[in-house]
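So this one's two forms of a single chain, laid out as structure tokens and tagged structure 1 and structure 2.
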Structure 1
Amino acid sequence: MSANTTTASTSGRAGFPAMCFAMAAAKHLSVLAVIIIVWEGASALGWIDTILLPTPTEIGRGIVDLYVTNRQIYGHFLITFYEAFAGFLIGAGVGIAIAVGSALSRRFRRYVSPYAVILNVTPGLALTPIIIAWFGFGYSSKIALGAIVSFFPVFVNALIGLTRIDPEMDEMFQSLGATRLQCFFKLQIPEALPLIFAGFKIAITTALVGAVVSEFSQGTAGIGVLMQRFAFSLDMGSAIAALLSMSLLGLLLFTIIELCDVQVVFWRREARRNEVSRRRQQRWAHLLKEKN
């Protein structure tokens, strides 16, 4: 691998960005091609146990089978997406609500946070059988588990974000006579939002894990069920294709949160900040004129 990367070392730093991107992509693709050829060769020579790790062609066949010939993945993909996203929404909602409560009231926080910490040190996935006994074999048990495992990252990030306020900022707000509500909406929330979104990003992946794990445990539909079925019938190519679909789903969920992050927390990104401030300037231009 390292030998190959040294051959593809001519760096196209100058020139158009599009050219640069094409060059980089070409290099990455050539590396990938070499890996695949080596892998295929090693399997053909019998160095790799194909039950453990199927050949790239077998995985490719699995992908084509799942996405083009049989087209069975789409339904399962949507189901798992729904379970993970719904679980995330519930978990994150509860997490934020409790974090806001704890940030506003010391007493509330003191009585609630020990339970949150206990929930954190319990491996949430351990609750799978109990959740399934409570909520049944359908979607709701998957959503519940997703909600449980995605609660804590959001809660902790929101709480830390809401409470760790720069004391000088706080003093500034106090000296300008801001009410408690103003302080909360204009200072604490904007300060906390970047951290909250960081929490969302962790939570959305864990929600997916929760959904998939409870599908493994008991389920009738979803990528987890599909994958387990393939793996246990030793159709490893298709199993890995299902696994890759899971990565795709993970990336998709992550990207959704990332896009929201860019929209909401605009002030952390230079380009977005300039854009928003320009728009606001236009909107408020007449106010300035009136005043002058």
Structure 2
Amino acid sequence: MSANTTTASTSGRAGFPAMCFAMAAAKHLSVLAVIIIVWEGASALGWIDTILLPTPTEIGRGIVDLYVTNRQIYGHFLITFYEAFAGFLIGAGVGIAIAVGSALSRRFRRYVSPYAVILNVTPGLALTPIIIAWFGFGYSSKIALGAIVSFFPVFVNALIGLTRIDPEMDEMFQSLGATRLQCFFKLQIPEALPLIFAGFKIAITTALVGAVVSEFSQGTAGIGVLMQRFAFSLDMGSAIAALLSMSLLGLLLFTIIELCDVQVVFWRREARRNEVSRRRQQRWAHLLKEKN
């Protein structure tokens, strides 16, 4: 009787988050349905200029045309994904490298940080003609601009995380005779990882913005180019469908970083922390069993 009660309560607790998620999703879908109905009705009554702002039906037709009929979105989607993700990897890599150097050397930080700030306050759009002149009209210019605009969030977050050390933890490491590299890898990096991944989440979206802005300026392929073509031909339904595809791409890139955050910074989430702890206990028990 007790075991059955425990099993029932456990399954009830497991099903409660799913029920809450379903209820929240239903509320959001209801609000979206009301907005679409009001939007469609206002367009039918002539309150909205459908040439400039198409009806939800026309947008849905544009989505079907892009994804099902012509299927032209897929190639452009992959091109913009490649440009944004490659730019993010380069910008984040450089940002992490300079942040590590700045955290380990105050002199290096004193000389490098002002240039990083200057690069950040310079509008990325203003750099586009120079980037095109340097890297040409291919993928390289889009990747370069994405790398430039995604560099600073990673650099700042990583530098703050690496230099913000708990004094008590630092004192404990010093009392145990830890070397500087041991303190860096065992204390500073784990403490900085949450902020680093926060910077990654900002940088991945700015890299997408940089890639799309570069596509608007001189691209021949990509979601930005596709959206621009539809807008110039006043096919606003397809243009907004391309815009929604751009939002989908941004959500995909953000989700990739979020999943990496869950896997790497596991101690910030109770379920993930318990899972890792259970796996480690099983591995240690297996090793002890083999030794015995």
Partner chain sequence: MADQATTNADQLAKDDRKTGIGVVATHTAIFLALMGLWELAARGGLLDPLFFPLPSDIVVSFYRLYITQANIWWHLGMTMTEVAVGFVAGSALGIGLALIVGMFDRVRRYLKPYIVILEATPRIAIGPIVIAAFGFGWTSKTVIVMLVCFFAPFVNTLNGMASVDDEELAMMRSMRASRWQTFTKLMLPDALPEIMAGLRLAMASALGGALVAEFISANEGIGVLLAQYTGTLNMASAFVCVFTLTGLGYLIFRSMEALDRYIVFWTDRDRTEVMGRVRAAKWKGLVKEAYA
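Note that this is a predicted model, so its numbers are computed, not measured. Here, rigid core means the biggest group of C-alpha atoms that superpose within 1.5 Å across both forms. Every residue number counts along structure 1's sequence, beginning with 1.
Structure 2 derives from the form predicted on its own, whereas structure 1 comes from the other one. In the core-superposed comparison between structures 1 and 2, the CA atom of H286 travels 6.2 Å.
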